[in-house]
Each structure stands twice: as structure tokens, then as C-alpha cells.
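A single chain comes next, written as C-alpha cells; it is the form predicted on its own.
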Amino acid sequence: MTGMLLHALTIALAVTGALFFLAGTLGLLRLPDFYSRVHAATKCDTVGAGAILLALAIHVAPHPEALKILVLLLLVLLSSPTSGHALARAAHHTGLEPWRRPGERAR
């Protein structure tokens, strides 16, 4: 019974990760400006890859490869938001203005 639950959890995490990647891809295609796109990319990368890597770690759990996958998960959880923040900060410092609706003034 436990094997079936772990298998179901693995499938649920993998599907969740794939859905986050799909949503992030749609965000990259549909959102209007750089800042929104960076947000979509970092969310999809962090949560999507995190869920898929966690599913893989659960799937190979008794083997030493699970520890390697968890280290990769930690690396993704630390590097993706950090790189997204660095990109947005660099864009802000170069003077890139966020998108506004036509006629909307800056605050």
C-alpha cells in the first residue's frame, strides 16, 4: 500500500511541476514587460523544477542518487529567485521602466 501512495505522490508532484512550467511558459509569451516575464520565469523554474526534482527524489528514494537530486533541488531553490532578483535589479538600475496602461502616470 505504501508503494502505491509513493507512486501517486510522485505522479502528482511531476504533474504539478509540469503545470507550473506550462504556466510559466505562457507567462513568458503573454506578459507585457520584462519585470513580469522575469517573475513568471522564476516562479515556473523554482516551483516547477522543485516539484519535479522532489518527485524524482521520492521515486529513487532508497538509492544514493536521491541525495544528489535533493542537493540539486536546494541549488534550484536558492539560485532561481536570486538570479531573477539580480536580473530585475539590473534592469531597474539601467532605467528600464515597467509597463503601464496607456494614459497611466507613474507614482
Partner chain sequence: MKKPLVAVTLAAAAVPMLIGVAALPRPGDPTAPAHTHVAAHYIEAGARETGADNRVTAVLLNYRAFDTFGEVLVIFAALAAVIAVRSPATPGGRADDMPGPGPGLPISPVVAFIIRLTAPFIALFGAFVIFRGHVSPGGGFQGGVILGALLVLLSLVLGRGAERPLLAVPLARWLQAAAPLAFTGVGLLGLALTGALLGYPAEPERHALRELMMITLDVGIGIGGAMIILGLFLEMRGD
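Just so it is clear, the model here is predicted, and its values are computed rather than measured. Residue numbers count along the first chain shown, from 1.
Quick note: we don't show the form predicted in complex with its partner chain, though the next part is all about it.
Among the residues Ala61, Leu78, Leu70, Leu28, the one placing a heavy atom within 4.5 Å of its partner chain in the predicted bound form is Leu78.
Remark: Ile11 does not count among the residues lining its partner chain in the predicted bound form, judged by a heavy atom distance of 4.5 Å or less. Residue contact check for Val15: none of its heavy atoms lie within 4.5 Å of its partner chain in the predicted bound form.
Its partner chain is not shown here, and in the predicted bound form it never comes within 4.5 Å of any heavy atom of Leu96. In the predicted bound form, at least one heavy atom of Ala86 sits within 4.5 Å of a heavy atom of its partner chain.
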